[in-house]
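Read on for two forms of one protein chain; each stands alone as structure tokens, with the labels structure 1 and structure 2.
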Structure 1
């Protein structure tokens, strides 16, 4: 099919799709007038029976926790897919040697002082902010997903300020891999503890604590923390896979040589 016929065909299909979508959208309540009862019911359930003040986290890590588990495994499998696709086929004999920017064929320019200062200055702040977001997900906006991504920017900042060798030092691949897998397993583990206590899967079994305090909300907080480790680990694995792909590739003529 030529690009032109494809485009004409697309216009017809898109016109149909947009018409149907517009029809459907016009059947929704007017913008800002949504009156569905579930949001309010969930709010009461989250605050009164789960002692969590951030209802979004309560929905994700308690009310629909089993769906979040599924989504976390989408994340887990796509990261596995990336690692599988970007695996090295030529194992360099000395990773540290190969980790330098050999692909460019010359000395890598060191990062400028401004970049180093900014990135190193942000490292401490990002660690603190990421941990705060992960651990306070049950109280204020945040939780494992957002905090995990914030924490995963720390190795990226270190890479920008220094180089890939320092990145491997502060985030050893084996440790990150193991941490990610264990955190994903811990989510299921928390659900199975409830089963062992003869409750449905992922039911809360921890003390609920005082609403508004950091140790409140039971399993919501626990699941939020393991999700934070899983998401952070997943993004660090992605980062180091792509960096390995661009930086550790050995030029064709040097393959097989140390």
Structure 2
């Protein structure tokens, strides 16, 4: 297929996509004029029945928690696939030791004082903000997925301010692996506890507390916390695996250099 033909097909496809999107947007109801009963029922159930003021978290971690469980294990399986694909290059040693050995031979350029100061200054802020997002998902926009990603940036900031060995000192690979796996299993465990109590899977069995307080919403908060641990751990595992692979490849690519 010639470049001219590909451009023509692209223009037709882009025009069709824009037309469909415009059609859909023009068909939306006016702001504040919701036309379906589902949102009204969910809003009522989230606050009155679940004691959660953030309806999105009530949907994610209670009303449709089984969907969220599947999404979490999609991430878990993806990370496991990356680790399996990269396992060959670091198989003879523990990944932490391999990364440290390679880094000893050829490390990244040391960061400037400005970069080091900025990254270290952001560590504490990122930890507090990530913990806030994870633990307040039932009250304000956020939750385990968003907070877990924020917490995962902390080891990256440490790496940018120092090197890979310091990263593995504050986030040991084996500990992160275990935490991620236990948190993923805890999500299922919370559902099985409900089954053991003769309730449907993932039904709330904890005290709901007072609406608007951090200890409210029962299992919604618990699931948000274990999700935050799993998501944060998953991204740290990805970071460690990619860094180990990169640092091991660098000497091979520069063997011909004097």
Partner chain sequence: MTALVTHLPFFVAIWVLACGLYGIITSKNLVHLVVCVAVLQSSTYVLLVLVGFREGGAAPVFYDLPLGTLVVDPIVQALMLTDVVVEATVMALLLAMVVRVYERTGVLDPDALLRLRG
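Since this is a predicted model, take the numbers as computed values, not measurements. Positions refer to the first chain, counted from 1. Between two forms, the rigid core is defined as the largest C-alpha subset superposing within 1.5 Å.
The form predicted together with its partner chain appears here as structure 1; structure 2 is the other form of the chain.
In this overlay on the rigid core, residue 33 has a C-alpha that sits 2 Å or more away from its partner position between structure 1 and structure 2. The rigid-core alignment places the CA of residue 10 2 Å or more apart between structure 1 and structure 2.
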